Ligand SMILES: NC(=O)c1ccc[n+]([C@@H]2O[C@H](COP(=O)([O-])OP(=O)(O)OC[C@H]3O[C@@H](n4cnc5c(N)ncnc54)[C@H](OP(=O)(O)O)[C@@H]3O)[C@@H](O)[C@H]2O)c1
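Only one chain is shown below, in structure tokens, and it's the form predicted on its own.
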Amino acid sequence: MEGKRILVTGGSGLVGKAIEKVVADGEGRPDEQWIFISSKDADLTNAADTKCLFEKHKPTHVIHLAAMVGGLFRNMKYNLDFLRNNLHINDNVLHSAYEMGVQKVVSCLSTCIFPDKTTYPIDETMIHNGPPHTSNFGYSYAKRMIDVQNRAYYEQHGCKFTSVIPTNVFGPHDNFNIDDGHVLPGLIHKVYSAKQNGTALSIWGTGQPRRQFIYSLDLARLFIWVLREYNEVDPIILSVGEEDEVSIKEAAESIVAAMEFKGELIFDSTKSDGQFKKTASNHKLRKYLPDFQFTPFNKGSSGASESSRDVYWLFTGSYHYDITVGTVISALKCHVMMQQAAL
């Protein structure tokens, strides 16, 4: 039997790099060829480029991660761009997959696509029950349409296209840009800057919003399981439990302790909080994988140096015997320089 050729779009990003590492570390199988591509390989907003990419690699399976992404304030400023670019990317990838006879596509959604006004916890049946939060409606509606397209391709052509819905992801190769990055690396960058400049640490918003954080390597393992074993067209939430939800304030305080910041901590309530909570149920996932072990958000439990080891490990993927706050900062410097070089 011919092996699988698995194409991963967005392969240079946070989740793509995590999947690549997990595969390289032993999760890959002999009959699987993994192909990780980035925006340098093709412009997925362009239908012809996307079709050429699929014709070149002839994938049998696709993990679709590529998207225009950004933090809260970039979403608020560019809702139209997020809508149009992601609609183009998703339509081109799914249609090229259909035309090339791809056996299965697993696309990546986000909990931000759920209705702003809803009951909690949210689950997979509630995606289309109302408008998303106004701060990122462009991105949210574009991502919702993947679920609509998956069902349409299945009903009309029998395609096995599905999607996963992760909660907030963090880990190695994250984006430490304060304006455009995810919340945890953004907080680490802010702590670093405050320490360097001897200033107070200002956190945007009240700190009260609550989030569930999933470690990127955990998510990578779950993505691979979905690709191989999950056979529903309906999406599945990939998340830690409701009991593991933490506030932005709690997350900030954990990072402050880990990096031994001794200055003043200020929450700037003039800045938007975004969506207050997005508490997601992982009940469906637990029915399939009751024993899956998630990496805890707060690994450190015995003092600042132990926490520093854990912060470094969570954002670089490795331990050293001489971990100090300085090595955490060095890792951050490297990430920040890489982000600036990419701009």
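Just count from 1 along the sequence shown to find any residue number. Quantities reported herein were computed from a predicted structural model and do not represent experimental measurements.
FYI, the form predicted together with this ligand isn't displayed, but the following is about it.
Student: Should the three residues L44, I89 and L109 be counted as contacting this ligand in the model of the complex, with contact defined as a heavy atom within 4.5 Å for each?
Tutor: Judged in the model of the complex, L44, I89 and L109 all sit within 4.5 Å of this ligand.
Student: This ligand isn't shown here, but in the model of the complex, which of 166-174, 124-132, 96-104, 226-234 has heavy atoms within 4.5 Å of it?
Tutor: Selected stretch: 166-174.
Student: Can you work out which of S39, T60, Q33, S281 has a heavy atom no more than 4.5 Å from this ligand in the model of the complex?
Tutor: It is S39.
Student: Can V15 be called a contact residue for this ligand in the model of the complex at 4.5 Å between heavy atoms?
Tutor: Yes.
Student: Can V69 be called a contact residue for this ligand in the model of the complex at 4.5 Å between heavy atoms?
Tutor: So V69 counts as contacting this ligand.
Student: Wondering, does F161 line up within 4.5 Å of this ligand in the model of the complex on heavy atoms?
Tutor: Looking in the model of the complex, residue contacts with this ligand do not include F161, since no heavy atom lies within 4.5 Å.
Student: Taking any heavy atom pair closer than or equal to 4.5 Å as contact, tell me whether L65 reaches this ligand in the model of the complex.
Tutor: Looking in the model of the complex, residue contacts with this ligand include L65, since a heavy atom lies within 4.5 Å.
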